[in-house]
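The chain that follows stands alone, in the form predicted alone, written as structure tokens.
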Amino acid sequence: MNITVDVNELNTEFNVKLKGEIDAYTAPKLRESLFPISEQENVSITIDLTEVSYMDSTGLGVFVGAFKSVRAHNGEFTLVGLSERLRRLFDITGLADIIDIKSGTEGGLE
């Protein structure tokens, strides 16, 4: 199980493309990549999950923590490219009502 985290920065906008699985094994790597960014003032983070094949509750926890940090620093946090399975995970947990989730990659990464 692996995860690739590709971060592209332009001023205060960060586009993060993830590839692989997000679980208890890979979540620390994701957290290490997201949290320093999330603590910046007025940052905009867009995370593309198009190539994420699996995510468990540990992954949800990483996203909730990053989301809270971004919001506490007056930033924006958006998820794009969720598969039907991942979207359902966010819907079931109620996180889709809190976190900005865009269908496809509109406004996101290319």
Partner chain sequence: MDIRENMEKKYHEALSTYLKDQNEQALYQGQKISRLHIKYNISPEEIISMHKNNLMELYPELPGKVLDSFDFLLEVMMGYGIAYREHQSLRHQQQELKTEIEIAANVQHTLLETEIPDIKALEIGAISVPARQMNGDYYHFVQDENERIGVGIADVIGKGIPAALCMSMIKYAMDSLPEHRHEPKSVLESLNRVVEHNVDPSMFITMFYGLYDPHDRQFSYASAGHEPGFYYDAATGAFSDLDAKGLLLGVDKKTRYRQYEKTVNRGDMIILLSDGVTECRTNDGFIERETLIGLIKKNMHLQAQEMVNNIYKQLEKMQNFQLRDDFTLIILKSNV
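Model, not experiment: these values are computed from the prediction. Positions refer to the first chain, counted from 1.
Absent from the display: the form predicted in complex with its partner chain. The rest refers to it.
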| query | finding |
| --- | --- |
| Heavy atom of each of T12, A72 and F77 within 4.5 Å of its partner chain in the predicted complex | no |
| Proximity of R88 to its partner chain in the predicted complex, heavy atoms at 4.5 Å | yes |
| Contact of D100 with its partner chain in the predicted complex (heavy atom, 4.5 Å) | no |
| Touches its partner chain in the predicted complex: V43 (any heavy atom, 4.5 Å) | no |
| Contact test in the predicted complex: L49 vs its partner chain, heavy atoms, 4.5 Å | no |
| In the predicted complex, the residue from I37, L82, L30, L60 that sits within 4.5 Å of its partner chain by heavy atoms | L60 |
| Residues of 19-58 having any heavy atom within 4.5 Å of its partner chain in the predicted complex, listed in sequence order | E21, D23, A24, Y25, R31, Y54, M55, D56, S57, T58 |
